[in-house]
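Heads up, the chain below is alone and in the form predicted on its own; it's given as structure tokens.
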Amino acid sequence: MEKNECIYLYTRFERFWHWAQALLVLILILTGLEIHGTYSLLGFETAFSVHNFCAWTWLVLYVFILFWMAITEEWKQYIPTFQKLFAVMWYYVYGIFKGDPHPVPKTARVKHNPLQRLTYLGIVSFLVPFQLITGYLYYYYNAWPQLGWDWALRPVALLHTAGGFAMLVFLIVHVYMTTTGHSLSAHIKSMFTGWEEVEDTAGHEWEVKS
């Protein structure tokens, strides 16, 4: 029988920005769809105002998150690696359904496995900035002529929409992955309490090699 231990994995601010981002992204997706005429709930003007408010709020939060990562050195949790990457991928494709142990169990020093590192790094360093930049270009469309930009609006709008759907796909996959713990709600619960039950890794903790 596997021996587990309960460790404090996520700080208060870490949990706060996780849920704050989740809420902001969800509202941005819903209001973005309404702005595009997919459905009508708040009305165009209200949806537009809420969407812009959440976008500015996300930008401020994003800056605070980057600052927090820098001063706490939590950025090291996102250093990409290919070590055991295929083992982790095989685990989620096949091993998890057999009840195999995770090839890279969580620890306080290594919260994210190689697949998560690559995914989160891509989200933080590419997708989020991409959405913010295309969104603000879209928002300040009327100022383009003053800046000498003779661009068409449609490509920017399509790029921003494509980024929104990419974020939606990530959100769906992320929610699914939260159900792959030792119980369906274990990972979600840990993001409320900060504590998570993990495998006892004494003597065989996995670390990223430089």
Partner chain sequence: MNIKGNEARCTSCHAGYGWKDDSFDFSDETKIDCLVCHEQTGTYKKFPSGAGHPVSEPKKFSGKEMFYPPDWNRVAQSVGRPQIENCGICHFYGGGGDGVKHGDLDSSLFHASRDLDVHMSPEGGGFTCTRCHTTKAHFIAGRCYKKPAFTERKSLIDDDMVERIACVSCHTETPHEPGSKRNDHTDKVACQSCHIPEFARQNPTKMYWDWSTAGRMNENGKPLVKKGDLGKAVYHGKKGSFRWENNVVPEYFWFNGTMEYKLLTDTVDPSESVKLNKIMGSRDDPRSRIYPFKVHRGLMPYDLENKTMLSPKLFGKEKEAYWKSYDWNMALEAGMEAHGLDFSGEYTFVETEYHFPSTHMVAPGEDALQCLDCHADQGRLAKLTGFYLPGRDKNKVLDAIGWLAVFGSLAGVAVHGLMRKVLAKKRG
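Residue numbers count along the first chain shown, from 1. Everything numeric here is computed off the predicted structure, so don't read it as measured data.
Unshown form predicted in complex with its partner chain; subsequent notes refer to it.
- Contact annotation for the candidate site: 35, 138 and 172 all lie close to its partner chain in the model of the complex (heavy atom within 4.5 Å).
- Residues of just one listed stretch (94 to 102, 121 to 129, 108 to 116, 76 to 84) have heavy atoms within 4.5 Å of its partner chain in the model of the complex: 94 to 102.
- Among heavy atoms of residue 149, none comes within 4.5 Å of its partner chain in the model of the complex.
- Although the partner is absent here, residue 56 is not a contact residue: none of its heavy atoms lies within 4.5 angstroms of its partner chain in the model of the complex.
- Contact check for residue 165: a heavy atom falls within 4.5 Å of its partner chain in the model of the complex.
- Contact check for residue 67: every heavy atom lies farther than 4.5 Å from its partner chain in the model of the complex.
- Taking a 4.5 Å heavy atom cutoff to its partner chain in the model of the complex, the contacting residues in 151 to 179 are 153, 154, 157, 158, 161, 162, 165, 168, 169, 172, 173, 176, 179.
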